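In structure tokens, one chain follows: the form predicted on its own.
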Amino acid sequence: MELILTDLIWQACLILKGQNDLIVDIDKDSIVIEKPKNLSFGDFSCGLAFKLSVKNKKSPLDIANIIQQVLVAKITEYQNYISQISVSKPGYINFTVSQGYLLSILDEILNDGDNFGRSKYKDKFLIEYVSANPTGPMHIGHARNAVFGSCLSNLLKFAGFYVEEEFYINDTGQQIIKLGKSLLVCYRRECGNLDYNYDDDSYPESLLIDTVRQILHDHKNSLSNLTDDQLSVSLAKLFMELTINSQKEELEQLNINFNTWFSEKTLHDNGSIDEMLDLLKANNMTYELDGALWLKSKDLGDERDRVLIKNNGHLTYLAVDAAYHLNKYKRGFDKIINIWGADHHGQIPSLAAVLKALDCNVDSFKVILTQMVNLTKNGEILRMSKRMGTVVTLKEVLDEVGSDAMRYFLIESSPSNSINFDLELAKQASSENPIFYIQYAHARSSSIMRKAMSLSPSYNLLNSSVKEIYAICKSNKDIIENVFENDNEKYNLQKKIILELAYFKTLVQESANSYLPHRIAHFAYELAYDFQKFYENSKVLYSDNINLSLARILFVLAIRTVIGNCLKILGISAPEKM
């Protein structure tokens, strides 16, 4: 509707140019359509008159009246959308939508169903998120990135983009060597050899012991004759396999499945890192100093030059990241997105610099940073874990509150805001719990639909789809004409809800373009809230009037459809019963 009204006002401005000595030198993009705070004025309003008042030396109210006269003359062209155009002090032009327009929205929703709000684009996205090291369990910070990345991927897919989701496995390097040495000590001590002792920087035994015992049970015979060096490597490999499998299982429980689990080790094995370094050297973007290889990153916008290879021959994280991202670009994606914790913000300038040095299009690369998660229980912040002794794991929270609640509470805030995750609230089956409230709205609408179907055996709707139900009802004038309440207050609530439903299409595109899936979560809650108000104030089912029941059920089905689409984007189940 906003686009229709913008076009209508723009046409009025074109007519007014040069008339009434009115200066109308504006761009179409400067016309802003808003929703008035006082809905008695109308459903939409425009404050263009305020922008024109200074140059024209007229009051906004006078200018609004002049524009309104032209709009009223053109209203016949828009009578399917607008029933009234008025002016209110101090100079707003107000629009009231027609009932025909509201019915057209219902028509689109009930015909499109699960596809309502979807679009078709050609751009290809690669989204990398989580990237937990295979050296231990995932914690709640990983969970936030996991849920945000999953919801963003769902949103972009719903908005019509092609999306691949990727998990980057840090399965080589110094941390894996340290892991192997720590596992060696743990393994030998578990076998009774207490002469082995941990170094100061070893991984804690509490993190290793359960998996070491499993490895000992499954592989003792094949490991018994290995030297310490061989055993260290084998234990690290087996530990990582078990950890990655555990991570996959936990993420699947959280309704997350990646297209690709990309191994860092492959970059070393297939020559990708050497290829990347050769390209940097060919582009004259490196130099040697003090036995190390440096990137001329300061020339490319970074605050200083960065080391790629240390003087001990070890690669830096930047060098490996550069090879990994060069690999991403070679795979032909239009947009590459990384989702990182806020503690990685310092890596962005150096990575952007090296991508420029590799002739990659930095404009197609974006890093989204997420803030920390604070878990609370009984009013107290949780800082300890039964398993690790330092942080709360993803699995602990998942086991306590379930996938749906965990996803909602981790996506309802903007990534730039920290999250206070109330574990007790997430488990409540009450209206205070937002995800329960939304899911209950969907379940209630499904229950209403089932009851309506049982009331109307003559229509044979019990096994019909929403589209089929609508087609049958649409053919009956007595049904379609009674979708809306006669009572003005109740009708206005219905109108408000239908305009919300219409906005869902715009919201999907806006949220996808801004990479903000939390807006879908807020919208779903607000829609559920308004549906509850409708249910409390309006009767839906009439045992003595089947046509009126079916008329109201069309309205409920439209709400159910959009709530279901919101939950689909959020990766949360849409229950039929609760």
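One-based numbering along the sequence shown. The structure displayed is predicted, hence computed values, not measured ones.
The protein also exists as the form predicted in complex with the RNA; that form is not presented, and the subsequent description refers to it.
Of the residues R304, K120, K477, H217, just one reaches the RNA in the model of the complex with a heavy atom at 4.5 Å or closer; this is R304. Scanning W294, F161, F365, Y459 against the RNA in the model of the complex with a 4.5 Å heavy atom cut-off leaves one residue, W294. The stretch in contact with the RNA in the model of the complex, judged by heavy atoms within 4.5 Å, is 446-454, chosen from 446-454, 217-225, 187-195, 240-248. The RNA is not drawn, but in the model of the complex it has no heavy atom within 4.5 Å of D200. Proximity of F125 to the RNA in the model of the complex: non-hydrogen atoms within 4.5 Å are absent; the residue sits far from the partner. In the model of the complex, D290 approaches the RNA with a heavy atom inside 4.5 Å. The shortest heavy atom separation between N311 and the RNA in the model of the complex is within 4.5 Å. The candidate spot formed by K17, F116 and T561 is out of contact with the RNA in the model of the complex: none of the three has a heavy atom within 4.5 Å. Shown without its partner, the chain has no residue in segment 110-125 with a non-hydrogen atom within 4.5 angstroms of the RNA in the model of the complex.
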